[in-house]
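Given next, in structure tokens, is a single chain: the form predicted alone.
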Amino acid sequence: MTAAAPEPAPRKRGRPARTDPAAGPGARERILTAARAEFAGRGYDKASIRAIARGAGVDPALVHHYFGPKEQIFAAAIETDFAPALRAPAVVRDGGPEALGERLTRFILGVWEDPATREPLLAIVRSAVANETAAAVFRDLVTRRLMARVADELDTPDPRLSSELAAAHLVGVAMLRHVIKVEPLASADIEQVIAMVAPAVQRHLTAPGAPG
């Protein structure tokens, strides 16, 4: 009588073995792509590490290995989705102060006008509004990677406040136009909106007594 073949050893929890083909080159990028889709489709609360791993075709332990807990992979995912807006400091820097408000207004509202960049932003906003952990992650990204860097480019008595007031104005316009869809703002020509908003943003960014 032939002896039965030994059963395979149970899979250990923790980091997947290096021989696992799913853990090979490109695994991190697949996980990040799956995370972006999961957070966009289900929001922060309903997204799970297991679902992200399933979407990437990897073991959940590999997600933890590369990114840690859910809030850290959310931070990595939204940084990718928020990347177009992170060019704002360069927009402030590249040009004279006399057209600063128009440049920044055109750039930020342009990010929201493009469906390819607007949809990921809308997903981020929905998660941030619904969950305090997601809001804290998003707030840290906006504060550290965007507003602080814009403030560094300003020549005003209180550059941080100036940058935040400009951001509040632009985000408010974007939210009313694309999220709440208040008319007639939602249907207004974007050039008309830029022309009306830019002077106020210019005042925020240059302040009394500053250049411009």
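One-based numbering along the sequence shown. All values reported here derive from a predicted model rather than from experimental measurement.
The form predicted together with a further copy of the same chain exists for this protein as well; it is not shown, and the discussion that follows is about that form.
Heavy atoms within 4.5 Å of a further copy of the same chain in the predicted bound form map, among the stretches 65-73, 166-174, 32-40, 48-56, onto 166-174 alone.
At the 4.5 Å threshold, heavy atoms of residue 149 stay clear of a further copy of the same chain in the predicted bound form, well away from it. Shown alone here, residue 61 lies farther than 4.5 Å from a further copy of the same chain in the predicted bound form, counting heavy atoms only.
Put simply, residue 135 is close to a further copy of the same chain in the predicted bound form: some heavy atom of it is within 4.5 Å. When contacts are judged by a 4.5 Å heavy atom cut-off, residue 190 does not count as touching a further copy of the same chain in the predicted bound form. Exactly one listed residue, out of 91, 86, 125, 111, brings a non-hydrogen atom to within 4.5 Å of a further copy of the same chain in the predicted bound form: 125.
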